[in-house]
Each structure stands twice: as C-alpha cells, then as structure tokens.
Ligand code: H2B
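Encoded as structure tokens, the following chain is the form predicted on its own, with no partner shown.
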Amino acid sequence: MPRQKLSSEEIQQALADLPGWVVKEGKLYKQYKFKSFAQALGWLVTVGVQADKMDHHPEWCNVYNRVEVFLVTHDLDNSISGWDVELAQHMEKTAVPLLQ
C-alpha cells in the first residue's frame, strides 16, 4: 500500500480486514496476547525485521506475554497511512499461527 494518508472511510475499510484492530489515540492499535514471553519476544523480533525493511517504526510495549502495538506514520503528520495498514497486515499474518 502507498505511503499516503488514509481517509476515515479508508481506515474503516482497512479495519474490516484487521480483526481486533481499532483506532485509539489517532493511531491503529491492537493488543496481542501470546502463550509465553518467549513467543511474544520471538514475534517482536520477526515483525521488527519486517518493520526495519519497510523503514517503519511501530510504537509497541511488551509486558510478559502481551504486546501492545500503535501504528502511525510520523512523517505524514502522525496520520494513519496505507503503510501502517500494510505493517498491521504483516503483524496479523505472523501472529495468527502463534495464537491458535
């Protein structure tokens, strides 16, 4: 997806395909709960590598098996962009096998 600010309608359309994601504090947000700290940490590393390749920098916090994620594009006036949606999609794809 392009690195372009999304309209409210486009954000709502994207959220329809991102289970558990919401807009919170003007950012895409989701809390993941893994089975263990090791699983949460492994997911963070895997997703972190992809985020680095995208030159995207998620805001996230890990406490034991929980990871809270906020996504916003800082260089587009802290707005939600297609870039954030793309990273959220990757996060979902990576997390789903671990959460089953």
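Everything quoted here is computed from the prediction, not taken from an experiment. Residue positions are given as counts along the sequence shown, with the first one as 1.
The following text describes the form predicted in complex with this ligand, which does not appear among the structures shown.
Hey, in the predicted bound form, does residue 39 get a heavy atom within 4.5 angstroms of this ligand?
-> Contact check for residue 39: no, nothing within 4.5 Å of this ligand in the predicted bound form.
Is residue 27 a contact residue for this ligand in the predicted bound form, using a 4.5 Å heavy atom cut-off?
-> Residue 27: no contact with this ligand in the predicted bound form.
Spell out, yes or no, whether the shortest heavy atom distance between residue 75 and this ligand in the predicted bound form is within 4.5 Å.
-> Heavy-atom contact with this ligand at 4.5 Å: present for residue 75.
Interface membership of residue 57, this ligand in the predicted bound form, 4.5 Å heavy atom rule = Although this ligand is absent here, residue 57 would touch it in the predicted bound form, with heavy atoms inside 4.5 Å.
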